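Take a look at this one chain, the form predicted on its own, written out in structure tokens.
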């Protein structure tokens, strides 16, 4: 069981959420008092799922719902397998051997014997723990929460997983296009950010300056920033290529900030490729950050002149909403949930190529008035659509639906 802590009360969110949000949330929760919900995923730190769950559990508890969180424990071969699953489900050709499928089922079976699923609602996040459905109890309702883009999956891998997904009482996706042909109810729920967390709360000018100085980032040049795990689908090498095009005309620096996740064995290889691509450029800063670097990321996003999320495949990409919350228009790849967060020409720009990315970087650098207008719209759009309070309302409504209350 994962222990979480949060000394921020739900009432603190009244100052930043749309009017009526907290009142609605409390009314929904009143009907669920004493009920329970369990979340299961594959990592305690690293990635958006773990980050959201760390904030969710205390808020569920505050409104009277018994909330718990368990972590699937796997072997190196298991994580290699589930990374291949992840890539295959997002459309990249992968070779998954019989031994890998066997290890996947072995790890799920072992974990299922060590976990307790005695909750009214059980939410299983992503493919890694999907086979835990074999332990489903009749009295509970199980939901499979898919955070990745499975709109065009490699069929063999999806067909394998679908046998287990079919046993759930419902499936949750981040976009309509991610849904699949399944004989169970499917629900649309956008992920969210926590505006009061260390990653998103207001910072003083001194807090921002201290981070910039710590990493030796020049304050006299506009900073181009991408924050994300070192993952091929985030296209960090493409970001470097776009920066080099911009550099010919605008003196600037590039910061690629991120880290890895415990369930992603490819991260080190991608980081090595990024370092090689950035050699001999003193204005490129590669920051391999630990998972608890929330204030550092916050400060970088606030200091950045242009924020990128140039993903070629994306589940949702909450780094977009994070930057928009800080009043920054974002340039993102036209992929996954990025296209929901970015309203083209209003809250940022979506791009399909390195050249398009470079063009839009130069546009934002050279049009400060439009940048400011877009930034204001970006923050308000995030307030209305992508805050944790709205997300919590969605989960409460789903619990009511699944439990027939």
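Only a predicted model underlies this, so the values are computations on that prediction, with no experimental measurement involved. Positions refer to the first chain, counted from 1.
The next section is about a form of this same protein that is not shown, the form predicted in complex with ligand UDP.
*Asks:* Could you confirm whether residue 58 comes within 4.5 Å of ligand UDP in the predicted complex, counting heavy atoms only?
*Replies:* No, residue 58 stays farther than 4.5 Å from ligand UDP in the predicted complex.
*Asks:* Under a 4.5 Å heavy atom criterion, is residue 297 part of the interface with ligand UDP in the predicted complex?
*Replies:* Residue 297: yes, in contact with ligand UDP in the predicted complex.
*Asks:* Against ligand UDP in the predicted complex, would residue 62 count as a contact residue? Criterion: heavy atoms within 4.5 Å.
*Replies:* Because no heavy atom of residue 62 falls inside 4.5 Å of ligand UDP in the predicted complex, the answer is no.
*Asks:* How about residue 322 - does it come within 4.5 Å of ligand UDP in the predicted complex, if we only consider non-hydrogen atoms?
*Replies:* Contact with ligand UDP, yes.
*Asks:* Using heavy atoms only and a 4.5 Å cut-off, decide whether all three of 51, 259 and 316 touch ligand UDP in the predicted complex.
*Replies:* Result yes, every residue of the spot touches ligand UDP.
*Asks:* Can you pick the stretch from 116 to 124, 244 to 252, 227 to 235, 154 to 162 whose heavy atoms fall within 4.5 Å of ligand UDP in the predicted complex?
*Replies:* Contact-bearing stretch, as computed: 227 to 235.
*Asks:* Since exactly one of 145, 328, 199, 141 fits, which has a heavy atom within 4.5 Å of ligand UDP in the predicted complex?
*Replies:* So the residue touching ligand UDP in the predicted complex, by this definition, is 199.
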